[in-house]
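Only one chain is given next, in structure tokens, and it is the form predicted on its own.
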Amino acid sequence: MDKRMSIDDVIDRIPDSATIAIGGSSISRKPMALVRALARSDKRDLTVIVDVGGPDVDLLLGTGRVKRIIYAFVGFEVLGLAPHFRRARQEATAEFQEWTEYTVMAGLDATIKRVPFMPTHATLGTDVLAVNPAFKEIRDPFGQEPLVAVPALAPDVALIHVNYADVQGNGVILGDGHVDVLCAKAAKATYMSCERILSSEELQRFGRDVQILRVYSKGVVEVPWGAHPTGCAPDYRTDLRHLQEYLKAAQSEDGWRRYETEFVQVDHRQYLENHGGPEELVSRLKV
């Protein structure tokens, strides 16, 4: 079955008020071409689930697409805080649920295992229980030890970016898989962007790096530089220069409007041209 589609095809399949799990981690291998398309769409009241968020979450908040966020951390690592996330948090313009990296994984795993919650020792003795009413303290029915019940996280859609894919929806992730496999398995519909589509025969040569199996994916989009400005190891590094420009633009309304015009309200081809074209990105960011 040929699952190839366009970026617009993917966005058309995401309804208002959908719960979307986004793969990658912080400024690493985020499906940014898909996220930008979602940001310039008219989708509303989205719930976003991330283990570690970065410019993906910040951009969706900055363009007013998000109603609720379930997250362990959102930031730009060495570059500092996420400006739209911080502003929304301070002004309470969205709903925020603070989880931990492990509990996000446990919530996704509960959905995969078809159980309503996952019992864990994680967060016991921490303030997470005080700030997150979604978690419940329970007792082990056999040994009576204290546990925490982490509710299942059931995304409607997962958006992930992989290095390579085939037309059937198998995906290769080179390096750290982050939570992408959990997102793909837990979501009702998973859509992948990839750097390049290969034949199924070529793809199978990657062995265990074929981390996303076709039974979990609904669509595949070939998008070279689809994770930019986040990195996609080993293909290219994170574009720290562009992220610094993003952070500077987000400091003012005028700056942010200019950034949106140049880098959000354009298709992926024009987005690359506005960076000087793929050749310029290759010269700066290819490993």
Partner chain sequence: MPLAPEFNVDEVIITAMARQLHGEVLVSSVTAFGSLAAHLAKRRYAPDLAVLSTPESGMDVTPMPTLTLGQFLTDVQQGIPLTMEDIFDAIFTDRFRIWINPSQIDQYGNTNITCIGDWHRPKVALVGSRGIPEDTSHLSETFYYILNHSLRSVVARVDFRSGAGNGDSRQLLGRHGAPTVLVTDLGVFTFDGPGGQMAIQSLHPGVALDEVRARTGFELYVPPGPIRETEPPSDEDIRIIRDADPLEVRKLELMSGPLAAEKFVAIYERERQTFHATYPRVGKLGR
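Residue numbers count along the first chain shown, from 1. The model shown is predicted, which means the values in this text are computed figures rather than measured ones.
Keep in mind that the form predicted together with its partner chain is missing from the display, and what follows is about it.
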Please determine whether each residue of 13, 193 and 251 possesses a non-hydrogen atom within 4.5 angstroms of its partner chain in the predicted complex. no
Taking 4.5 angstroms as the heavy atom distance cut-off, pick the stretch from 252-260, 32-40, 232-240, 58-66 that is near its partner chain in the predicted complex. 232-240
Answer key: of 223, 70, 46, 52, within 4.5 Å of its partner chain in the predicted complex (heavy atoms) is 52
So in the predicted complex, is its partner chain close enough to residue 7 to count as touching (4.5 Å, heavy atoms)? no
Using 4.5 Å between non-hydrogen atoms, is residue 74 touching its partner chain in the predicted complex? yes
Can you tell me if residue 197 lies within 4.5 angstroms of its partner chain in the predicted complex, counting non-hydrogen atoms only? no
Exercise: residue 210 in contact with its partner chain in the predicted complex, heavy atom 4.5 Å: yes
Which residues from 189-220 come close to its partner chain in the predicted complex, meaning a heavy atom within 4.5 Å? 204, 205, 206, 207, 208, 209, 210, 213, 214, 215, 216
